[in-house]
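Take a look at this single chain, the form predicted alone, given in structure tokens.
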Amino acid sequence: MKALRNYLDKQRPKFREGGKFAKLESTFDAFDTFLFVPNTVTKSGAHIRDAVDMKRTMMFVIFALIPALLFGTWNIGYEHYLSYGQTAGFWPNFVYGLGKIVPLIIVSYVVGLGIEFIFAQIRHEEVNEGYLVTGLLIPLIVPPDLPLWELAVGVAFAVLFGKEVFGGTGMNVFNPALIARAFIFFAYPSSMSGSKVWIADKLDSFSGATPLGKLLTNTAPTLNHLGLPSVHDMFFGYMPGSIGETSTFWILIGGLFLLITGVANWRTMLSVFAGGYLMGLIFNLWGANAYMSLPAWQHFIMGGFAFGAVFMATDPVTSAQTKKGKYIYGFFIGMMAILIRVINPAYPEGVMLAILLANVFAPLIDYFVVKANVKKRLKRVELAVNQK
């Protein structure tokens, strides 16, 4: 590592002003700070000094995504062979899945980082680190057979109109990964909905409907007639769906890692599940159809609810910043996700729209929380003055 450090130091002058590659200074700096902790320190003011920078924080999130990524890769092959009535071993399933997921990841990073690098050069700024996570999140929330050109268009839209128009990482209002998914969903609905897209190269006679799809389209009078996967299969992820969203078990393992490392906030995560559970109970009381009779807790192991609660709602940029605001923000997401999911059959996965809607209200939630806190403190001061 020391030899690499010395080599980079020797090359640095070429990328500074007046150097041969001065126009690529931001690009060089991005690779340098990705490999090594920046050698800059704060110049003024009071700051907490430690060895953790934004890139390292982003890497923690990537580590947390790896369990869901690996299982999703295997599940692509498992569902494919199952649709043909075949049972393949672990490695055939995994290798087949790699052939589907790797191109998606490559396109996501090439297009997204390419735009990030261009904007960094134009602005003469450092390359933002946020896309390190976004570039992996996007392939995990799309079907395995999504056309690569559609993914590229969705990624470009998300980075340009979801981030750069607001000033880049840290300034965006909406979660970029969900912006990409929403764009592809509305621009190319046939590639993001229905029963044909969730299993890669499936046999036409095999039903590829997800549990949510069966709940929304089946008119059976009771849950027992819907043909849903078992609770075991839904919890561990043996079912069709977006690549990284099927296994609640491995998602929760990643979430536990984020909580232990302090990267994600438990208040937001917990309140999403609480809000979803309450709304599920309300529908249980209503019970107008089989979907409303679904046990409230089973919503957590269907679709992208768990993935959204762990990896999307906890985004530190687009979520509420105050402690009380995080509870309100997460609770709102959980309730709206189940409400959209059950009431509106046009959007079987309500988590995406619920989080994007909550992104809009996050600053307003923080505003009223801060305003209430200021008012409370002023009353306390006024009371203390009157007592004197």
Partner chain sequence: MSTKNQEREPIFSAANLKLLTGPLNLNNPITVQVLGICSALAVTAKMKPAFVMALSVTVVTGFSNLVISWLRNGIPPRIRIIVQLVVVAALVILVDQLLKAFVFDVSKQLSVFVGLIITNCIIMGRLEAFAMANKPWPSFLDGIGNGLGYGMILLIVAFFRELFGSGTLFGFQIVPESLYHMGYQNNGMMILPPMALITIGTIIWVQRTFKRSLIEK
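Model, not experiment: these values are computed from the prediction. Numbering follows the first chain given and starts at 1.
Beyond the structure shown, there is the form predicted in complex with the partner chain, which is absent from this document and is the topic of what follows.
Contact annotation: residue 187 falls within 4.5 Å of the partner chain in the predicted complex, judged by heavy atom distances. When the partner chain is considered in the predicted complex, residue 93 lies well away from it, no heavy atom lying within 4.5 Å. Heavy atoms of residue 129 never reach within 4.5 Å of the partner chain in the predicted complex, leaving it off the interface. Looking at residue 119, you'd find a heavy atom of it within 4.5 angstroms of the partner chain in the predicted complex. With the partner chain omitted here, the record of contacts in the predicted complex names 155 to 163 of 206 to 214, 155 to 163, 249 to 257, 73 to 81, defined by a heavy atom within 4.5 Å.
For the three residues 265, 273 and 327, a heavy atom within 4.5 Å of the partner chain turns up in the predicted complex in no case. Interface residue among 298, 191, 195, 289 relative to the partner chain in the predicted complex, by the heavy atom within 4.5 Å criterion: 191. Think of it this way: in the predicted complex, the partner chain has a heavy atom of just one of 183, 277, 236, 109 within 4.5 Å, and the residue is 183.
Within 4.5 angstroms of the partner chain in the predicted complex, the stretch 81 to 97 places no non-hydrogen atom at all.
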